[in-house]
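Next up: just one chain, as structure tokens, the form predicted on its own.
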Amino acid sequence: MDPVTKERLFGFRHAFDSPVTLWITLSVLGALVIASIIIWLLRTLGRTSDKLHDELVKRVLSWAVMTPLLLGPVLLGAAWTIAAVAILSVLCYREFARATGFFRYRSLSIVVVLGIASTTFAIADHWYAFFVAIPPLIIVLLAMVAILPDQPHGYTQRVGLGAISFLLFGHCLGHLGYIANDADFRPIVMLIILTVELNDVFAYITGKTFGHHKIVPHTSPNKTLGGALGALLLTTTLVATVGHFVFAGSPVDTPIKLIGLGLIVSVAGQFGDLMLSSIKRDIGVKDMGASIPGHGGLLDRFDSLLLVAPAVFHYINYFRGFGVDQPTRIFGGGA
């Protein structure tokens, strides 16, 4: 392993080489401080009830814990980022498997976890050919392993749940980790995480302000056309503005392409949220877990990333690529 690759994987000395990385880090920390002050002022002025105050405090404290867990690995290096995405994939899969009952099929669950582990190795090795080959291979393996118990009843459902589990939590989410193979991965990953989370906030605020017409009331009663359009406008503007500095000098840095990137983040993010709402309605649960106070489970918080990560990855990859100037097959001994 050459020194440059070793520094990218494990080094943190160049964490703030991009000013965007520093801006985003300071902005997030500043937002937490400002939110805490606002909550304190509202409480002091008697503008919030005990229940609302406790809920707001719970949410801010949750973000205070999640922020270093999200930004820390990105700042520490690519290896930490890839590992963090792998852990998030396994934990999200665990929530999904428990909620749907898929965990009962131990052999199939092992195949899904094996797929996540294989995907993580392909990402860390910067082995793109293996990365794209894993999904069909895992589905083939799921289809074969599901036959062995000799229980035809429910076969389609078992294989389908296994395929969805791996594709969403292993492969789709894995695209976020693969971005770490790029020399400038930090501002890109931070841009994706920041704008995906703000997309939800924009939809909520504009929906409460301008939302009257429900979009899919049976799937998500609180989602409105006003909220969707408001998020689309604000998120696209934010992505295009910050993206100009992130991708400066690259083929992505044109107004049309940056607007396209913003539209992808907002649309895929909102559909990711609606997708999980559909799953929860289908299986009859309110939240996928309770690991994050005030937010539900990890899937309830990071559902948007499931669709945003692959969509953004392939959009950017088409125009500039990821890690094209970096060594490939780092651990596998390729050229």
Partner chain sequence: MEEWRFEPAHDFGLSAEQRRQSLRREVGLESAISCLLWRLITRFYLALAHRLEICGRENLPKRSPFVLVANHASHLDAIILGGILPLRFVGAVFPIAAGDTFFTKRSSSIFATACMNALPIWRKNCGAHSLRDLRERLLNGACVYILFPEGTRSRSGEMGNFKPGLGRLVAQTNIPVVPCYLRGTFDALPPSGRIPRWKKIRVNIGQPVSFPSAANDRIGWEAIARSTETAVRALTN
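Because the structure is a prediction, the values reported are computed rather than measured. Positions refer to the first chain, counted from 1.
The same protein has a further form, the form predicted in complex with its partner chain, not shown here; the description that follows concerns it.
> Answer with one of 157, 250, 222, 219: the residue that has a non-hydrogen atom within 4.5 Å of its partner chain in the predicted bound form.
Spelling it out, the residue with a heavy atom inside the cut-off is 157.
> With its partner chain left out of view, choose which of 236, 109, 206, 120 has a non-hydrogen atom within 4.5 angstroms of it in the predicted bound form.
If I apply the 4.5 Å criterion carefully, the residue I get is 109.
> Judged by heavy atoms and a 4.5 Å cut-off, are 94, 161 and 288 together in contact with its partner chain in the predicted bound form?
Judged in the predicted bound form, 94, 161 and 288 all sit within 4.5 Å of its partner chain.
> Counting any heavy atom within 4.5 Å as contact, can you tell me which stretch out of 170-178, 224-232, 100-108, 190-198 lines its partner chain in the predicted bound form?
Only one stretch qualifies here: 100-108.
> Although its partner chain is absent from this view, report whether residue 113 comes within 4.5 Å of it in the predicted bound form, heavy atoms only.
Yes, contact at 4.5 Å.
> So, in the predicted bound form, is residue 212 in contact with its partner chain at a 4.5 angstroms heavy atom limit?
Residue 212: no, not in contact with its partner chain in the predicted bound form.
> Closest heavy atom of residue 282 to its partner chain in the predicted bound form, within 4.5 Å or not?
So residue 282 counts as contacting its partner chain.
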